[in-house]
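One chain is shown next in structure tokens, namely the form predicted on its own.
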């Protein structure tokens, strides 16, 4: 199963659109859409931290843009242009609809494409962001090479990724990015850093977000339990399906058991 199929097979696009239209006739804000468009570990705050690395006037590419949560946050920054690329056409179509249903109604530029063969010319982006995207890439070396090719000289590549932890052998599936081990492409820190150097990038910053990621997942679990019987307007299950509760529980177990780590890397061309 491709990563595109993984994220599309349970997608309730029509239901999401209908519920958002009915609940938020004047437009939904970033927090109201967060349960479906900020599915990465850390939610909105994680996206906001990544965006601090960008400056006004940049042309940015987000690879694995999903339903566009980070894109819409980025568009609130002055003079910042962002293009999304995702292999899942269903997610891209819903991303564009949600942009029109959000408070800002900012136009969205999103392309259905494969990160292993980016449909862009050389040296055209100031920055590229991958947020929980490399873990779905069968050939991360090729993806990194493509990122290097399309980045401007001295351009930035910002990664918010899940890595293998010291107890990876005890990792539980399914997780939000993969139903089983064969769909997950996690690496060790040393392996990723070696690929970065081989691709020609310079590592400018590395931060381990694992502790705060676990605390975030605990808070989310408490919220999810509280609203369990309240029929929220939108929920992660509308994207990830009925297995979401199991995925979320496994995610917390994997974080607490140190089967996985959550990191941020800032690379320079």
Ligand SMILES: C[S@@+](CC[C@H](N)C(=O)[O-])C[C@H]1O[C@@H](n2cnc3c(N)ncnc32)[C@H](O)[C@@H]1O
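Positions refer to the first chain, counted from 1. The structure displayed is predicted, hence computed values, not measured ones.
The same protein also exists as the form predicted together with this ligand; that form is not shown, yet it is the one meant from here on.
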Can any non-hydrogen atom of residue 133 be found within 4.5 angstroms of this ligand in the predicted complex?
yes
Considering only heavy atoms, tell me if residue 40 and this ligand come within 4.5 Å of each other in the predicted complex.
yes
Contact flag, residue 85 vs this ligand in the predicted complex, heavy atom cut 4.5 Å
yes
Using the partner position in the predicted complex, report whether residue 186 sits within 4.5 Å of this ligand, counting heavy atoms only.
no
Okay, which stretch from 164 to 172, 120 to 128, 133 to 141, 192 to 200 lines this ligand in the predicted complex, with non-hydrogen atoms inside 4.5 Å?
133 to 141
Only one of 98, 91, 159, 110 gets a heavy atom within 4.5 Å of this ligand in the predicted complex. Which one?
91
Applying a 4.5 angstroms cut-off on non-hydrogen atoms, the residues of 5 to 30 near this ligand in the predicted complex are 7
